[in-house]
Structure formats: structure tokens, C-alpha cells
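Okay, here we've got a single chain as C-alpha cells, the form predicted on its own, with questions on binding and movement later.
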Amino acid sequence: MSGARPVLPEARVVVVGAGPSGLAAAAALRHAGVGVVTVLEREQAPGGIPRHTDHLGFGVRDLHRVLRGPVYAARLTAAAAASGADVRCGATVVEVGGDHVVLADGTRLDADAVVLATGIRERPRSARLVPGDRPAGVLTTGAVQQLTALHHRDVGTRAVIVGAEHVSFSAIWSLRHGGCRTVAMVTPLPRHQTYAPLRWLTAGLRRVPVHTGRTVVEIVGRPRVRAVRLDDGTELACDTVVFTGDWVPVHELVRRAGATMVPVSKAPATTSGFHTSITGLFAIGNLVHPAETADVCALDGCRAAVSVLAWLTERRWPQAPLPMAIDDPAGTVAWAAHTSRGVTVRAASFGAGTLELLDGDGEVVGRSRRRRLVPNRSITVGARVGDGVGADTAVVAVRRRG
């Protein structure tokens, strides 16, 4: 039985993506009384990335539990199903608008609102332009997780991980599940970007060296990886290379729909209510802010449901959002976006200073002093900035002061 109240029995909402943000949005919309909520997922099972991320650390902010990824995904899936949402897997969407979606088989679903929760992917080797041979054994963290957690397959025996952020260190666990030992990590940055406990529990316990300030300039081997060469001439023997992090939103649908995009992050520009520049079309989760944790994305879904409900009842759409302006001569800040926690800022390089948020009138609405800014880590500055309705709250500037 559904626990939804029949507040808007004729309303129809389509959610594209059955990861944490999409499932949470669907459940919240049904509980708010939206009559028909359909979730479309191209994979054969819902749950998103947590479904094949078999380690602890999920559910802290939204469920107030510490769960393994597959357990967390199962709970969100069960909650969406219990709410009465129609979750359809194996459904590939090829076109979206503010009032419809089109599936690969030509089926068109009309809707009063569309919520995009298509998530992120890691930038593969081809997009990073790493030269060399084209052997087997070159993977991303996501591919390793799917091979080990879903298909229970080995991935190799000796791996080099490219990257040194949170997901890079969790890749050591995933490789171990697949019978593969990590022999080195490589990052072009001067030091790793994760938390000391995570580094110690993964690379530290297994004595994995982290080559900082180094870049992989060549992959060697046929038909299987034999080694990687670094820019200082070092050759690391391995049979597996895992490219980690360097996240890119799965933005093809929203970009083809004609939404205003953020050039740096390749994400759609949104208001604080997750409205895009296309009337009726919302974007949530890591499609908007690559890459936050699963529980932050789930909370995005819950908060976005409030905006969707307001749209369905009031039919008011804000002025087209613009990408947040970043005033940072030092180049320390990479981008900023709205999340369930407020405004999230992502650093581009190591540094320090005070980050300030300014509204459209130049008034400071948030401030955060940081002694240490770390690339690939998010920082929340201030609280929510308005409800996204009106030009004065659609643009926020981020400033860094030393």
C-alpha cells in the first residue's frame, strides 16, 4: 500500500535515474501526494553507484545509519517502491523536456514535471588523453566495482591507481575484492586529497606508495598492460591501471534539451530549488554538483521534491538561472553549486582563505574561513540562498580572500 496522500492525484512526474537522488525524490513526491511518479533507469536494477560499492560509509546524513553500499541502495529502492513510485529498469531515455521524456524504443511519456538525476561518471583514459598502447586491463573505479561486486570476477594481480582523492583510496578495497594488489598510486597534485584515516586504512596498511607531483605519460603492453611510465622516467610494473575520480556529470540529455550549462563542471545551471533554465525541468544530485556523497544526493532529492510540488501547485518558474560567478584571481576555487546543505564550493588547488557568498545585490549571505583548501573536496559555505525564484537569488558569487 502507498502512504501517499491524494493531494495531486492527476499530477504526473517523471524521474530519470534511479540512484540515491532519483529514488529519494520519487519517494518524497509520492508521500507529498503526487498521483503518478515514474522512475526510469537504464541499468537492470535500481540503486545507482552504491549498489556496487561494497564498503561502509553510506546513509549517515539521510538515514542516520552507517551502511554498506548495496544495503543502502536496497533501502532507498524499497522506500521508493513502498511509496507507490513506479520504478522501471532497462529504460533508456534519449530525449527530455520540461513536459515529456522519450525512450529509446520511441515511447513518449508526458509529464507535468521532469526531474533529471542522471548522476556522474569518471573521466576514462581516452578523455584524459593518456598516450601509449591500447591493452586490456585499463579500467575506471566504477568498472572495477561492477566487475568485483556484481559479477564476482578478478580484475588482475598488480594495479596502479591514477588519482589520490577519496574514491582513489576506496578503489584499493574494490581491487582487493577482485584479487588484485595495488602497487602504487599516482597524482599530479603535491599531496593526496583524502582524509588521513582513509589513507591509513587503505594505502597505509598495505604499504602502497603514493607518487605525488607525477603524471602517467604512457601505458605500455600488449595484449595486456605491462607497465606505466611516469613523467620523471619511472616505470611501474603492473597488469591493471585504474583511472579514478575526475568526475563528469552525465549531462548529454540536459545539454541536448538546450538547458544553460556550467562550462567548467559540465553541469546544468540551477537555482537553489534545482530549477533549470527549461520550464518544468529539474536537475538534482551529482548531475548538478560532481561529486558529492550518496546521502547528500538523496537529501537533494528530498529538497527538490518541495520545489517540484510548488511548481505543480503554483505554476511559477524562476527566471533562467545563470552559472554562479566566481571571483577568485588566485584560481583556488573550481566551481560552486547548490546542494541540500547550501552552496557547495569545490577547490581547484591547495590554498587557504575566506570564502564569501554574495547575492545578486552584492550582499554577503555566507562566509567560511578555511585554513586549508583541498582539491577534490567540497566545502559548504553559508546556508540556503533563497528559494530560487527571482533574479536576485539566481546568481551567487564566490570570493576568496587571503
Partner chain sequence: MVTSAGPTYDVVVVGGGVVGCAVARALSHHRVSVLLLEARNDLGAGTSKANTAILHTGFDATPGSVASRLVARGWHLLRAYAPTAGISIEDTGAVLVAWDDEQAATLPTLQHKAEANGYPHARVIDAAEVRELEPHLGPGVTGGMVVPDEHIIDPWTTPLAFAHEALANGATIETSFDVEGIDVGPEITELRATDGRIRRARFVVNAAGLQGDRLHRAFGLDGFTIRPRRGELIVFDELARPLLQRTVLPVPTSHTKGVLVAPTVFGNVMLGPTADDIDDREATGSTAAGLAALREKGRRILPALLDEEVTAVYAGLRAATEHSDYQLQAHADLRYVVLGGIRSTGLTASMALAEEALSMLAGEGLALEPSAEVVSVRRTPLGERDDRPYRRGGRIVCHCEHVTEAEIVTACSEPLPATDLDGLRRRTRAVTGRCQGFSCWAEITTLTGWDPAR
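Residue numbers count along the first chain shown, from 1. Values in this document were obtained by computation on a predicted structure and should not be read as measured data.
Unshown form predicted together with its partner chain; subsequent notes refer to it.
Of the residues given (R316, R222, R108, R191), R222 alone sits with a heavy atom within 4.5 Å of its partner chain in the predicted complex.
A heavy atom within 4.5 Å of its partner chain in the predicted complex is found for one listed residue only; from K266, H100, H211, R226, this is K266.
The chain is drawn here without its partner chain; in the predicted complex, the stretch among 122 to 130, 201 to 209, 282 to 290, 267 to 275 whose residues come within 4.5 Å of it by any heavy atom is 122 to 130.
Within 4.5 Å of its partner chain in the predicted complex, a heavy atom is found for every one of T92, A136 and E252.
At least one heavy atom of D154 is located within 4.5 Å of its partner chain in the predicted complex.
Residue contact with its partner chain in the predicted complex: I49 places a heavy atom within 4.5 Å of it. Residue contact with its partner chain in the predicted complex: T140 places a heavy atom within 4.5 Å of it. Within 4.5 Å of some heavy atom of its partner chain in the predicted complex lies at least one heavy atom of A104.
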